[in-house]
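Coming up is one lone chain in structure tokens, specifically the form predicted alone.
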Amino acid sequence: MDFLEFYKLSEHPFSSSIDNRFYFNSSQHAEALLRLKYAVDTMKGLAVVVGGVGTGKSTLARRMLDELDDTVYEAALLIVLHTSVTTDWLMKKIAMQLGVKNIGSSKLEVLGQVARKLHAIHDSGLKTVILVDEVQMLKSREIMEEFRGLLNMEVSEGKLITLVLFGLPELEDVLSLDLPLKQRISVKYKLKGFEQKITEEYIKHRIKVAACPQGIFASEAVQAVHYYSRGVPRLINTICDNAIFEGFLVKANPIGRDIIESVAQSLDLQPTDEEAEEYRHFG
């Protein structure tokens, strides 16, 4: 018997991979989506989502892409993987995502192709949306200026392209490299860790999606998960995933607070003195 069978799970409920089946529509993520859709619907041009590590920015970006109806939008998602991205690479990547054929070799030529494509998309009745994740890695004033150049392309209804940028708090500094661009932000949303009640709902949701007919964690264990994770979804997943395995090893059902504490210690998720004092009231 493995841990899935022991806890009557059909699959891993706390996998670190992004799976829309497990998407949890928390109040803040729902509000963020609503505001971002307002930005793209009204062709505002630039929207920004900022959040700490593990708060669900990438999950939100993929969710938004999935929810943009392809009969209304021409949408694409770009993920920045390293800090050495150049303006040439970025513009060619955007051109490729927009379906430009025979992409030119010079930046000026590519910009012309992108401009013509944006007008063609608009003339076809669609709105262009480019989502860019991990933008804090683009530590280049030149790239920020290129973004601003794209936003200069407009028609009477609004911008020909809406850029939705997702990044860590350092994104604020990156946008400050080009203040005229930063001033063009029309919608901005900051993601943060869940409150305790939302953490509880999040854990229940993922277990339910994994087809578990019963709870796996004791209530005090869920409190401990929230405490050590600070309500950050990625850390919640990591703690719960490890706790399920550790619980299986000692045949604990439900999983208690002691296992969560052991897992948190092994992951070096130790509290500050102030947080530790607060934790003593958990019971």
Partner chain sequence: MIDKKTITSAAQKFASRGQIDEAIAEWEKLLAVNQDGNVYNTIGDLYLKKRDHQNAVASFEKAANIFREDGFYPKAIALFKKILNFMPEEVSALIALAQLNAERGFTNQAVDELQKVAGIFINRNNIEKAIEVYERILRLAPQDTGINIKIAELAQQAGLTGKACQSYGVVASNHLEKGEFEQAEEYYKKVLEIDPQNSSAIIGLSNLFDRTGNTETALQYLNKAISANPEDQSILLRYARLSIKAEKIDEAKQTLIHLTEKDPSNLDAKKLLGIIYVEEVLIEQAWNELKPCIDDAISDKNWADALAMLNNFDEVNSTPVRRRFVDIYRGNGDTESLLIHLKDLGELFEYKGINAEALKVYKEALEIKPDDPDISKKVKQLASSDHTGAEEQAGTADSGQTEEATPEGEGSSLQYLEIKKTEADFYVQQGLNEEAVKIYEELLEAHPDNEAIRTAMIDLQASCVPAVTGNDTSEDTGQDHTDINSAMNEILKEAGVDDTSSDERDYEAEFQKGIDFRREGQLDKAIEALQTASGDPFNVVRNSRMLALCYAEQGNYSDAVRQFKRALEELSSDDDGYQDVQYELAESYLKNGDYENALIRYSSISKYDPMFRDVAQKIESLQSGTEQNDGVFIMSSGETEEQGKAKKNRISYL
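Positions refer to the first chain, counted from 1. Everything numeric here is computed off the predicted structure, so don't read it as measured data.
Same protein, other form: the form predicted together with the partner chain, not shown, and the subject of what follows.
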Legend entry - Position in contact with the partner chain when the complex is considered in the model of the complex, options Asp66, Glu31, Asp41, Glu220, heavy atoms within 4.5 Å: Asp66
Legend entry - Proximity to the partner chain in the model of the complex, single hit among Ile203, Ala75, Leu175, Val114 (heavy atom within 4.5 Å): Ala75
Legend entry - in the model of the complex, Asn242 touching the partner chain (heavy atom, 4.5 Å): yes
Inset, instruction - Please check if Arg62 has a heavy atom lying within 4.5 Å of any heavy atom of the partner chain in the model of the complex. - result: yes
Inset, instruction - Give a yes/no on whether His82 approaches the partner chain to within 4.5 Å in the model of the complex, heavy atoms considered. - result: yes
Inset, instruction - Flag Asn25 as yes or no: does it have a non-hydrogen atom within 4.5 angstroms of any non-hydrogen atom of the partner chain in the model of the complex? - result: no
Inset, instruction - Just one of 178 to 186, 192 to 200, 103 to 111, 85 to 93 has residues with a heavy atom within 4.5 Å of the partner chain in the model of the complex, so point it out. - result: 85 to 93
Legend entry - 4.5 Å heavy atom contact with the partner chain in the model of the complex for all of Lys37, Ile121 and Leu160: no
Inset, instruction - Would you mind checking 158 to 181 for residues with a heavy atom within 4.5 Å of the partner chain in the model of the complex? - result: none
